[in-house]
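In structure tokens, the next block holds one chain alone, the form predicted on its own.
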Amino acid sequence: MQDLQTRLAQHTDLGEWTQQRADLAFVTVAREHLHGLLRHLRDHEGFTHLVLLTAVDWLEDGQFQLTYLMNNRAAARDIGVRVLIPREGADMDSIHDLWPTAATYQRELREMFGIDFPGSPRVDEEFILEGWRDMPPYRRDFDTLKYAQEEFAERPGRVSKDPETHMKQKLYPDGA
């Protein structure tokens, strides 16, 4: 992967490079370099398969991290490309022109995190959360407990148990 890092550095400004294993590396790039880097990886480095596109909410830093994971089947290696974008007014260029399947990931990230991908097919249509009107639920400042208490009735007879104590009682009913 060191040779790949050297070749990529000739084409774009690379940020942090992390070698996880011999067959897996991650690189951070500025958003303006993403599309060109992904095209280069696909067209010249053999990373023809988009494995996933996901996000991490770095609430304390006020940003989202998008991670694009690509696979080079012939060389049996993967590369993850990370991009940091601001949480407020979060939007990112679409990559559906490079990988049409990216449109599905982008729809999910729009709905679950509130990250917009202008121009991506059907990105504004409801996808998973039909009728959802609250804050995107994968944002870390979404209060799951508050939402559940407001939306769902309390069920009588439901109790919470300490998992450790409960399992000891189930496994050792005689207290042994």
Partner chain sequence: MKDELKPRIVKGPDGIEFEVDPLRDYYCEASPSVHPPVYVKIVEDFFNWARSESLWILGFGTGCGAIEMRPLMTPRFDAYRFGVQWRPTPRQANLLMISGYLSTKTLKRAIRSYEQMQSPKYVVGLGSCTINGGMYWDSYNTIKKLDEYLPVDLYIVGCMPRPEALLQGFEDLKQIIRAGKAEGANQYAEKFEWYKANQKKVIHDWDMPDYNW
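Just so we're clear, the structure is a prediction, and the values are computed from it rather than from any experiment. Positions refer to the first chain, counted from 1.
One more form of this protein should be noted, the form predicted in complex with the partner chain, which is absent from this view; the next part is about it.
Should G114 be classed as touching the partner chain in the model of the complex when contacts are defined as heavy atoms within 4.5 Å?
-> No - in the model of the complex, heavy atoms of G114 and the partner chain never come within 4.5 Å of each other.
Give a yes/no on whether L129 approaches the partner chain to within 4.5 Å in the model of the complex, heavy atoms considered.
-> Yes - in the model of the complex, heavy atoms of L129 and the partner chain come within 4.5 Å of each other.
How about A148: is it within 4.5 Å of the partner chain in the model of the complex, going by heavy atoms?
-> Yes - in the model of the complex, heavy atoms of A148 and the partner chain come within 4.5 Å of each other.
Sequence-ordered residues of 145-173 touching the partner chain in the model of the complex, heavy atom within 4.5 Å | Stretch hits, in order: L145, Y147, A148, E150, E151, F152, A153, E154, R155, P156, R158.
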